[in-house]
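Before any questions on how it binds or moves, here is one chain, the form predicted alone, in structure tokens.
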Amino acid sequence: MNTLFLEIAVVAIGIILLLVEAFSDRSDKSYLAYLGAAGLVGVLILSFFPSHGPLPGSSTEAFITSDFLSVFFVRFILVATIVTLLMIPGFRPVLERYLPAERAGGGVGEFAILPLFVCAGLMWMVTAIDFIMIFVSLELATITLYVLVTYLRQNNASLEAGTKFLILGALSTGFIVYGISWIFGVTGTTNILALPGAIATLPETSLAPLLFGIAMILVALSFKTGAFPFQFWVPDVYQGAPTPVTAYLSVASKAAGFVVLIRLLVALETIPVIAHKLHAVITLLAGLTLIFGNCSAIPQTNMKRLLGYSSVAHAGYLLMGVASLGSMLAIPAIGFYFAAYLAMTMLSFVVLLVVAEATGGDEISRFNGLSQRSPLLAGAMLLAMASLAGIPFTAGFIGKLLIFEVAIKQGHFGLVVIGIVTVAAGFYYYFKVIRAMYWQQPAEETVIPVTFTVKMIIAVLGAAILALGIYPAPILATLR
């Protein structure tokens, strides 16, 4: 399956919806989110049909690929975007509350369309095999995310989040461009697949500048994946950004960064001197990220900040899988972990969106007595927290089990010990939310209404968490 046409289709849907939004007279334009989601469902279905696409040797073949990894993560990003778009109508009251008075009822349409262009950028990023293509697609996604993060212009927290995201995003861009320049200067190529052949002909004196360029790329990707010590933007941006955007950042954006990291490490695996150094660095990053993410999540009282630090912690587990790429099962384990992470993280943000709108805040205390006010929302959050913690018969449990398995096979026993200890720490802060829902008394007794769309999302994501926790074979089969 060639994915080029899928990305073009996503861009076309975004442009068409922009035209519809511009000429529509309806005051409520949240329907555009449903149209966008429907369009992406169509693109997702098309991804399962074979397509000949560009002929071998064409100009696009040097920049993008359609291997099993790219196809899997293209579908992954499409699903994440669909769920994000379906969250937007429920976020409409918040948008209208913070948009300028002269545009009351406006701005919702643009907010529902912009994720489509982020989706296209991330899709190109996971299919790219050339640093230039990676950079261009990354900027398409990142610049659009700058707008989305700061969309609540009259909300100081959103403006602060956008400013920090912009500064650190620009810093990350500088690192990646600088790294690409050094790699191209040494090897004469920007194509990831051509790097091993180019490096093999280099003299030993070229190793130091080459490693410096690769280090710059790793720093940039560490920003994107939220790895320690480059995670300091995560909690503030997650807390201040609109909730659907936070959910999208924590899932889709992180996945694209990891795919680029995997491609780079796999390409350099044939160069033992470089591969050994890279694996040592990734192993160190994984251990530090696990410790920092889980320890920082323990004292949190704000749900979005807790999920932000939780995202850092899960980046640590994923880095554990990346450090074990020598195993044939590593990529299937990482892919499955991402599939599980999508379902359980998106489910938690969907529930958070509804609860925050009903209670007026996103502190964990807002979940007090939720089981009495809405058993459905409490049950959904219970399932999401249990999966994030790694309770058996959930997708999160299987994901961690697979990551630990490949790490043990590669001899990363220290990482596994750290992983097991931090899983125990995760039980504490995830079950803090469960305790609030089921053991604390609610501040109000009124029932929290749940729309049909939210019920549908909860049903699909909840079923996915349980199904993957019992039968992971279909996901694993697509990554082998």
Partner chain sequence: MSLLLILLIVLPLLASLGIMVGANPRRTALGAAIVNLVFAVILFTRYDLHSGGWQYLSEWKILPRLGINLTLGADGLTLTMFLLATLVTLSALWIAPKIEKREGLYYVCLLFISAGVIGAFASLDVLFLYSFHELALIPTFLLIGIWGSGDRQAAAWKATIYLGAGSFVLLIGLLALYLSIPSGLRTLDIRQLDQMAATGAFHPASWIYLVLLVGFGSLVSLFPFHSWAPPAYACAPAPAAMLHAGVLKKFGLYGLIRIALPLFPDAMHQFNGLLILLLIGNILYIGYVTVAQKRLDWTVGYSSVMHMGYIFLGLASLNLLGINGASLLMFAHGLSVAAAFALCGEIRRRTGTLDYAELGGLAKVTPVLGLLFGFAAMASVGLPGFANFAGEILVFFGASAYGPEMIIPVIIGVWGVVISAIYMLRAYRNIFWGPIAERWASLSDIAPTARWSVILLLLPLMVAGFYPQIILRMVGTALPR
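Since this is a predicted model, take the numbers as computed values, not measurements. Positions refer to the first chain, counted from 1.
Not on display, but discussed next: the form predicted together with its partner chain.
Chemist: Counting heavy atoms only and using a 4.5 Å cut-off, do Phe427, Ile434 and Arg480 all touch its partner chain in the predicted complex?
Modeler: Checking in the predicted complex: Phe427, Ile434 and Arg480 are all within 4.5 Å of its partner chain.
Chemist: With its partner chain left out of view, which of Leu288, Leu195, Val79, Ala386 would have a heavy atom within 4.5 Å of it in the predicted complex?
Modeler: Answer to the contact question: Ala386.
Chemist: Which residue among Val147, Leu401, Ile167, Ala215 has a heavy atom within 4.5 angstroms of its partner chain in the predicted complex?
Modeler: Going through each option in turn, the one that passes is Leu401.
Chemist: Check Ser296 for me: does it contact its partner chain in the predicted complex (non-hydrogen atoms, 4.5 angstroms)?
Modeler: Contact check for Ser296: no, nothing within 4.5 Å of its partner chain in the predicted complex.
Chemist: Is Ala38 close enough to touch its partner chain in the predicted complex, meaning at least one heavy atom pair within 4.5 Å?
Modeler: It does not: once its partner chain is placed as it appears in the predicted complex, Ala38 has no heavy atom within 4.5 Å of it.
Chemist: According to a 4.5 angstroms non-hydrogen atom cut-off, is Glu405 in contact with its partner chain in the predicted complex?
Modeler: The answer is yes: Glu405 has a heavy atom within 4.5 Å of its partner chain.
Chemist: Give a yes or no for Lys277: in the predicted complex, does one of its heavy atoms lie within 4.5 Å of a heavy atom belonging to its partner chain?
Modeler: Because no heavy atom of Lys277 falls inside 4.5 Å of its partner chain in the predicted complex, the answer is no.
Chemist: For the chain seen here without its partner, which of 437 to 445, 451 to 459, 38 to 46, 64 to 72 has a heavy atom within 4.5 Å of its partner chain in the predicted complex?
Modeler: Looking at the partner contacts, the answer comes out as 437 to 445.
Chemist: Suppose contact means any heavy atom within 4.5 Å; which members of 456 to 480 contact its partner chain in the predicted complex?
Modeler: If the 4.5 Å heavy-atom criterion is applied to its partner chain in the predicted complex, 456 to 480 yields Ile470, Tyr471, Pro472, Ala473, Leu476, Arg480.
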